[in-house]
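Just one chain is shown here, as structure tokens, and it is the form predicted alone.
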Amino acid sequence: MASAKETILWRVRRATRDVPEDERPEDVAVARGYRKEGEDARAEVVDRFAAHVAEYEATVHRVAEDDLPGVVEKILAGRGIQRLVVPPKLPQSWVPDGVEVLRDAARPRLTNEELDGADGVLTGCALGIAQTGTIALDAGPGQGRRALTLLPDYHLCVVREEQVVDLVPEAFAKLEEAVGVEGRAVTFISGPSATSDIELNRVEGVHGPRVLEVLIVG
């Protein structure tokens, strides 16, 4: 009796039996007739982004530029954040007084123990995607390396309205330079970290922060 692995491989071979042995994936043109750019007004795109982010159980705030520092301070105080991780090149005006700031740098880096022992992290982002309510971080200025937004249990993320794109293809086009030219890792965040077991019981905080709070600035 064939094993499950053998059965799967047999079905793959049968499905691809008419493919020439020397053919490579890039030799076959793929039809890409889907929409690559949105057509809605900017205000509608940003509203849709805010609504979809909230659907993932993240807390969303709409904030004016001048109010941003005060709102950050109020939110962190309300959450009881006392030890805050800050990535390189985050605007200093965003960082409130009265908290212990743990600044990450190329050398020395914060240890995993220091990141895990922090109360939260404050970052910017590369862009937001209205279609899916996803936030992308590409390790650029004010975002930091991936571990900064995975180990602390609370993530406060600032997204400017002009960073919000409508569709996923628009986002990938904007991220192409960071990934292809500079080789930076990209982290996609759709709500707080959560997964479900076989009984569909939701478990939060398995792969990242249990709490995501988003400030949309514009």
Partner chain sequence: MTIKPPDAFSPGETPTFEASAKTSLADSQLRRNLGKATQTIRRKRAAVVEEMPDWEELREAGRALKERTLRHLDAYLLQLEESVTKAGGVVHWARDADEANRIISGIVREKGANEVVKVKSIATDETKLNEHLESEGIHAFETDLAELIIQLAGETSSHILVPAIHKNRAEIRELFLRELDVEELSDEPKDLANAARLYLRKKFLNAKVGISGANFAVAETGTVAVVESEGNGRMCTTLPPVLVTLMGVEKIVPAWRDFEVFMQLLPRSSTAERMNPYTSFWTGVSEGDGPEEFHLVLLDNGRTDVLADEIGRQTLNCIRCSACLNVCPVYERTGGHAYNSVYPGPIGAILTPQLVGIGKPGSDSLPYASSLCGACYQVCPVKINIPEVLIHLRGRVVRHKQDRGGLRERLDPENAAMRAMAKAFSDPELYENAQRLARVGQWPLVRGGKIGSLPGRLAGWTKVRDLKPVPKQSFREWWKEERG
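Residue numbers count along the first chain shown, from 1. Here the structure is a predicted model, which means the values were calculated and not measured. If you superpose the two forms and keep the largest set of C-alpha atoms that fall within 1.5 Å, you have the rigid core.
Beyond what is shown, the protein has a form predicted together with its partner chain; the following relates to that form.
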| property | result |
| --- | --- |
| Per-stretch contact check against its partner chain in the predicted complex, the hit in 65 to 73, 156 to 164, 177 to 185, 38 to 46 (non-hydrogen atom, 4.5 angstroms) | 177 to 185 |
| Contact of H52 with its partner chain in the predicted complex (heavy atom, 4.5 Å) | yes |
| Proximity of R103 to its partner chain in the predicted complex, heavy atoms at 4.5 Å | no |
| 4.5 Å heavy atom contact, T134 and its partner chain in the predicted complex | yes |
| Residue contact check: Q82 to its partner chain in the predicted complex, 4.5 Å heavy atom | no |
| Within 32 to 48, the residues that have a heavy atom no more than 4.5 Å from its partner chain in the predicted complex | R32, G33, Y34, R35, K36 |
| Large Cα shift (2 Å or above) at L9 between this form and the one not shown, core-fitted | yes |
| After fitting the core, V203 CA displacement of 2 Å or more between this form and the one not shown | yes |
